[in-house]
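Form predicted on its own, single chain, as structure tokens, below.
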């Protein structure tokens, strides 16, 4: 691996930014070509079909296979290359002020179950990595939630008190490693960081050794509930007694998670420096900044600066998000070369607790995991353990963090109402904006245009070739918007994303690519 730039004047130039965008996620780039599995063939009938090969799916597949179940793990793309491949991979209790909000909104019992589930997941992951020699660059680290403002220290103290009551190793510190101007931090001791895709590939290897069938490049386009359930995949079908949708956002419309979650994109830039950060940092100030580092093959560190979250599809000038993070990295690490930049998508529930539950209309046989609120390493692992215990008939020790039904607090209900009312407005009014015509597009630009009954999503690539698709999301019919930085069409209603060139699905819940534009 070579650095893109070492000159302070060029470290964050537009050319460097484009090169970093092409490099994409470090987790994906550093594992390209490894762990490839073939698509699903004729398999027949399994006990459990797990859809989605991220940390939730791979963990659950391993646990179920070791319980003696016949399991199939089906992934539309590559294992660990979706949301798991875009995470910061902090293996810790969630940072920020979440525990205080949960204790206030859903009660300390449920907040305690949430905290205990994360702690148990961390302990299980640490033991697995240690006892099975799983190569994932695991490093013990403290997790520090920090502020640079004196008037926010009391907020951290209040959170630390709640965390301590919930059994987390929390304390206040005045000294914070790294380049931030932090004046104080809440410290969660003995947490960890890792390479998330290497970890998932290690889980997959062990799941296969336990008898799990794993298929990549196989998109599940529909599921018929029944005894057994029938999964309709690319060119084949699979029958399963149970199905688990570990796909970030459940692909079945009848799940009704649409009304209970919101979806955000967030961004990361990575710069090369000689020294590690020494902790995992998360700021509560505005703008929020997340910070950690990971080792590079040349002995240096890739420092990951994250933040700039926004609702998926609600902002078209995403390039500004990267530029804001690059400005922070430039201030913190002057002259450090920018090597990588990428984004991720995450789902948060209205009450901030995760879901791992049967879906409506699934006859008690189809389950969904979602709402991991940007903390999928531990929460996703905990959700997998919750379902594995449930399927095996074992007591689920942290069920209060996942169980259903539950009544969200008033603030969460109001948030969900606003979110879904907004979706209705976007569905109805998206077609009223004329947009730029195809002839006006410069290379790298995209726009939606045309009359209401025939809207076109047009994108001109860097070679000048025009790519035109119907502008209607194939999930529930909202109009897509162009994502400038990532050259994709994003749905502002339910966060499906499509490739701007060929219209293929990048992120669900959509399962079908954008249709070609009509002449």
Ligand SMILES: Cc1cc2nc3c(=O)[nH]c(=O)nc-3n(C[C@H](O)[C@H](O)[C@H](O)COP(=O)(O)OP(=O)(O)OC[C@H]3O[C@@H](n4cnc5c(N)ncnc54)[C@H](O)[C@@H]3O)c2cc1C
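Residue numbers count along the first chain shown, from 1. Because the structure is predicted, anything quoted here is derived from the model rather than measured.
Another form exists, predicted in complex with the named molecule; not displayed. Remarks below refer to it.
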Review point. The named molecule isn't shown here, but in the predicted bound form, which of 368 to 376, 443 to 451, 333 to 341, 96 to 104 has heavy atoms within 4.5 Å of it?
Key: 368 to 376
Exercise for review: Assess the spot marked by 56, 251 and 346: is the named molecule within 4.5 Å of a heavy atom from every one of these residues in the predicted bound form?
Suggested key: yes
Practice item. Verify the contact flag for residue 268: yes if a non-hydrogen atom of it lies within 4.5 Å of a non-hydrogen atom of the named molecule in the predicted bound form, no if not. Key: yes
Check your understanding: Wondering, does residue 77 line up within 4.5 Å of the named molecule in the predicted bound form on heavy atoms?
Key -> yes
Review point. Does any heavy atom of residue 293 come within 4.5 Å of a heavy atom of the named molecule in the predicted bound form?
Key: no
Exercise for review: Look up in the predicted bound form whether residue 511 has a non-hydrogen atom within 4.5 angstroms of the named molecule, and give yes or no.
Suggested key: yes
Check your understanding: Considering 273, 88, 180, 262, which brings a non-hydrogen atom within 4.5 Å of the named molecule in the predicted bound form?
Key -> 88
Point to revise | Answer option from 40, 64, 51, 458, heavy atom within 4.5 Å of the named molecule in the predicted bound form | key: 51
Check your understanding: Which residues within 474 to 490 place at least one heavy atom within 4.5 Å of the named molecule in the predicted bound form?
Key -> none
